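Same chain, two forms, each on its own as structure tokens: structure 1, then structure 2.
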Structure 1
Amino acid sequence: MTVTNPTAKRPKAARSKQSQTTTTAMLFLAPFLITTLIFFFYAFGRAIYYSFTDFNLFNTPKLIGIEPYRDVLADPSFRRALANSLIFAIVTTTLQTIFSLLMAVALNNKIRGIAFFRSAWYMPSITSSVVITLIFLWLFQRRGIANYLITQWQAYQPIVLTLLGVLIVVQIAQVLWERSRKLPAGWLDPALAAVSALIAIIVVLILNTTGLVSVREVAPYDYQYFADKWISIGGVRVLSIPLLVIIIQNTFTTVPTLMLFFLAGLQSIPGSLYEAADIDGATPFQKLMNVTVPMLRPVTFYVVTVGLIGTMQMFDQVAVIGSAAPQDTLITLAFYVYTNTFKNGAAPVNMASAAAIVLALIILSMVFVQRKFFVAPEAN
């Protein structure tokens, strides 16, 4: 009679189960892995190869060494695209990181209707970037709402300034009066502010009726945002006005998404840290800088990394605006690669490939430097 040893079968069964698990996992991962192999590794390899050839879409590629890289570095459009991309990446990443952190802190409070505010603030992220770009084109065009609001401000400036001036004077007088009576009164006391606002409105209405303060006749404000205008430092063109408009637009659309990461990180911070800070008498700003920001360093690293990669690859907004603005004011590295790849006639694909490799190296360098010198140990 043969006696079966159960301990001998157990490893074989375990290996079989492990094999099935691995096979199942690979089947689920196969679509992603195949797509990555074809559209990333293969495409990246072809780009490296073309960057050392004379390929122009219609000829047989011949190796010519690093000449395409020399041509790219000598191209004024590439240097402008590189400068625009770096300025755009640094400014936009800084703004969207700060605003998304502040917005997450604000939306982390337990107030009535917080679910509505979180959903409403997230709406720009689910809207098409093309639609957002068209809306911003409308806002900042020559006869757009930005110029209209500036015109209205110039026309109503006497009334608005008079209203604010009277409000501030009355508020100061009320607070000083209350304190002279030994009553506690803050400079922003809401009850006193309501009385001050009412008095200011009445005063302005009286002045307007008597003709002492009235709306001015001004010419329509005519500022062209998508023109060849620059912010210069020391005579060096640093940031164009059209690119500044895109920075505002990009910050507006990306802050909600990045805010979610900070919001998730905030909810993992132990409440005991804030309780200890309260006992020590810390102000909200001190709690933000000494508790929240240090505890969110791993999340900040991720947000900054994602922001740098996304902004260095910015393309769609520039493509949608197209010829509405001078090319040098908006051209980025991604748009430079696109225009050289799909240029009419013989396209310098070798130069486009060289620029794409340079772009990839810059992004990898940025991530490496940030990970090497700025990342928190707990993020590794």
Structure 2
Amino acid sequence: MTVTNPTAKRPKAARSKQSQTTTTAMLFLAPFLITTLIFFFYAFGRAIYYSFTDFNLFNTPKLIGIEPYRDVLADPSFRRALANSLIFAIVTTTLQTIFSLLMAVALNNKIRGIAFFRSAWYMPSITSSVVITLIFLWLFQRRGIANYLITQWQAYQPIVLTLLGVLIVVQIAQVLWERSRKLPAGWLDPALAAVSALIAIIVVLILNTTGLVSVREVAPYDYQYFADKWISIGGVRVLSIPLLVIIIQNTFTTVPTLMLFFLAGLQSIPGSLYEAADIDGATPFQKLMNVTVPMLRPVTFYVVTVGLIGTMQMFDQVAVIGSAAPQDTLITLAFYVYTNTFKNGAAPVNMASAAAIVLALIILSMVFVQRKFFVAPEAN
């Protein structure tokens, strides 16, 4: 870009034109800069200041050094929040990146009605996190749809497993037969699989009417998702079940947005690369791993960055679920900051500020590390 240097020797008219441009630009930027200064930079500075004081929302702040940071780091609930946030961010970002890539690949097919599917799949990301959290709370109740579906799966297990078994056997038989006729049939040949599926359905229907395979009687599956339950590794509580539900929910809502980024990236990959891969006889999986994934590195970088920034700040879901789940299982850094700011009585705002600064530092360093080590050369 062309940087004009105001100190360079230039005619007077040009210099005054430059200063005029600067004034106009500043006028244009004024509303943005003023509000950013007040509500961001001033607030940011004040948060840093508070984090070194004994401020509790009602007293006059007095500097007390790094004590708030020491308090925060010693606070078990902060440590839990930190662990929860990091685990949530890592697991969710991984899941949403993989799923959104796979979905984008699926949606990149040129078939009729693709616009409908794209809109339908996009639905979860337009509605608010509050609405979706409330719906998920309802789905994952003790006697909710999630448990109902698991009960149904248990009840229909014999039928489903028989169906799958017959399908696989028939498919293998068909492929072997086709190969004996010198036709290059793959193990997952779609046309043969359709026939196999049909045969499997008929076989299962016959078995069902003769009573050989039938629905099992099972007790209703009765799992409490929002209780103090943990997945531990070596005695260390790693991931709580309520947080796992939120991971599922967050992946569900963010995948469609991220999918769009991948979709845009996919459309800019030249088709000739796939044609070349086809000539070399690459399988769809090889094409995905050797063409699509490397070509999407810049987009992946962006998606992972956005994902990390978003997931580290997760707040809405925890606040909506509130007291419905034990605090330890769900508390995140963002929620820790919020609860400490609005604690009844004297709120440890200094600790809240210190925690907020820690959160900001983690996010900034994550983005920095990302940019430093994982960015593809094309992205620059």
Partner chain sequence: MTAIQTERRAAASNHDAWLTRRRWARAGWLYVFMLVMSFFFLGPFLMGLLSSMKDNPNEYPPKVIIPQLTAQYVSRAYNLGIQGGNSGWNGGLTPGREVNFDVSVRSPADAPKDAPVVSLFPYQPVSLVAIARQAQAKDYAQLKTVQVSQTGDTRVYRTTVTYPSLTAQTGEVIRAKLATPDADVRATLPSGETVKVTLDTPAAQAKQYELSESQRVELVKAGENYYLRGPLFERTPMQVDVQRGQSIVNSTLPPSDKQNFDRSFAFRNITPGILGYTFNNYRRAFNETMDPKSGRSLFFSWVLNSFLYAFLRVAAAVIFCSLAGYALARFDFPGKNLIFLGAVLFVQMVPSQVNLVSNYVLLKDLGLLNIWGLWFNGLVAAGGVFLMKQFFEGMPKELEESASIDGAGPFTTFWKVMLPQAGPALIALAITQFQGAWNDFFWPLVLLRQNTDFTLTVGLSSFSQLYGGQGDYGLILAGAILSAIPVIIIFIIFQRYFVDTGSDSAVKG
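If you're wondering where the values come from, they're calculated on a predicted model, not measured in any experiment. The first residue in the sequence of structure 1 is number 1, and each one after it adds one. Heads up, when I say rigid core I mean the largest set of C-alphas that superpose within 1.5 Å between the two forms.
If only one of the two is the form predicted together with the partner chain, which is it?
That would be structure 2.
For I126, does the CA position differ by 2 Å or more between structures 1 and 2 when the superposition is done on the rigid core?
For I126, whose C-alpha is compared between structures 1 and 2 after core superposition, the shift is less than 2 Å.
Answer yes if the CA of T60 moves 2 Å or more between structures 1 and 2 after aligning the rigid core, and no otherwise.
Comparing forms between structures 1 and 2, the T60 CA shifts below 2 Å.
Rotational displacement of the minor rigid part between structures 1 and 2 [degrees]
7 degrees is the angle the smaller part turns through.
Look at the Cα of S196 between structures 1 and 2 with the rigid core superposed and state its shift in Å.
Looking at the C-alpha of S196 between structures 1 and 2, the offset is 6.4 Å.
Looking at P184, what is the CA displacement between structures 1 and 2 after core superposition, in angstrom?
Comparing between structures 1 and 2 after core fitting, P184 shifts 8.4 Å at its C-alpha.
Per-residue Cα shift, A219, between structures 1 and 2 [Å; core superposed]
With the cores aligned, its C-alpha sits 3.0 Å away.
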